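Next up: a single chain in structure tokens, the form predicted on its own.
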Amino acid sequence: MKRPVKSVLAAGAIVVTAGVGAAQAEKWDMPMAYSATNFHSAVGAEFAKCVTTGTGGEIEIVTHPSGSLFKGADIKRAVQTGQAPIGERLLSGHQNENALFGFDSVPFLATSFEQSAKLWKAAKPTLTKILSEQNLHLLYAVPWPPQGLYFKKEINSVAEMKGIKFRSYNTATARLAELTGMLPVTIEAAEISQAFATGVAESMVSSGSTGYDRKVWESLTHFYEVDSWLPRNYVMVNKDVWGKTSKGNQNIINGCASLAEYAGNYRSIEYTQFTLNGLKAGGMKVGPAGDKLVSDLKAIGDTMTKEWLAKTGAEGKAIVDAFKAMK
């Protein structure tokens, strides 16, 4: 029998509780970009409960999903500057700051959960160092399901994408739009449904999870499984806040973070087919992309890989080499 993710984190809250003494309670507001029903948000909520329970209420984490406290693009800055003590954000959303943040959005480099785990292992030391230099302490990261392409009509080649308004969420997706002749439009996750309903966007590359959560079948018709990459969301805490947290509570938070990463990976894997089935139930045509479309996309992927390596230099090459060296 598979153990429910919620029970794993709930049990973890008990396990990590150890000798918590009386202290003044702190409230940590945790902004999150995605809907409360999204699995990332659900795992974040359970992580928050784990910390609150594990610290005996000394630290109460309160999650704010759907960009209700800060919009997705503003969350990292809010945590860096202390406007929020903790938050969750898409790692590759920071590619405009440093191309290394886009390690998980290099097309067709890591296309499965197993490969994604290896790529994260290769990249984590570098990303942890960069975040630390930006006054952020990394707690945990969870991958999205493999990314596919959404359209409101049948698409069999890149040539047929020309002129389509494409929702982008990071530098990689904007570049993908440019190379395919589509028109990139930056749209946060919380605004997806409205963007498609009003025609502001007509296509996107994302997981089945995002489409399912936002009921995109109300506006779109096709989802092509291309497994282009598995981007990661991560949870960070302000480094100054972290430094003022007692060692005992740091250990509890780290324990809850490890459980959340495990639970998030589990849920992402389980959620993949569930959401694809949900898209089908909503009336969308769901299936692998055709050979011509795959071939066209891989050629574009080669171009984007070369560009990413050129921007990241020795550090980017080291990540890719370490990933490819893993058995």
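Note that residue numbering follows the sequence shown and begins at 1. Quantities reported herein were computed from a predicted structural model and do not represent experimental measurements.
Not on display, but discussed next: the form predicted in complex with pyroglutamic acid.
Enquirer: Closest heavy atom of Phe101 to pyroglutamic acid in the predicted bound form, within 4.5 Å or not?
Expert: No, Phe101 is distant from the partner.
Enquirer: Considering non-hydrogen atoms and a 4.5 Å limit, does pyroglutamic acid approach Ser203 in the predicted bound form?
Expert: Flag for Ser203 set to no.
Enquirer: At the 4.5 Å heavy atom threshold, is Asn238 in contact with pyroglutamic acid in the predicted bound form?
Expert: The answer is no: Asn238 has no heavy atom within 4.5 Å of pyroglutamic acid.
Enquirer: Looking at the partner-bound form in the predicted bound form, is Gly93 within 4.5 Å of pyroglutamic acid by any heavy atom?
Expert: Flag for Gly93 set to no.
Enquirer: Let me know the one among Pro85, Pro231, Gly72, Pro107 whose heavy atoms come within 4.5 Å of pyroglutamic acid in the predicted bound form, would you?
Expert: Contact residue from the list: Pro231.
Enquirer: Pick from Val142, Ala189, Met182, Leu220: which has a non-hydrogen atom within 4.5 Å of pyroglutamic acid in the predicted bound form?
Expert: Flagged contact: Ala189.
Enquirer: Only one of 144-152, 242-250, 107-115, 128-136 has heavy atoms within 4.5 Å of pyroglutamic acid in the predicted bound form; I'd like to know which.
Expert: Partner-contacting stretch among the options: 144-152.
Enquirer: Taking Tyr34, Tyr169 and Thr210 as a possible spot, do all three reach pyroglutamic acid in the predicted bound form with a heavy atom inside 4.5 Å?
Expert: Each of the three qualifies.
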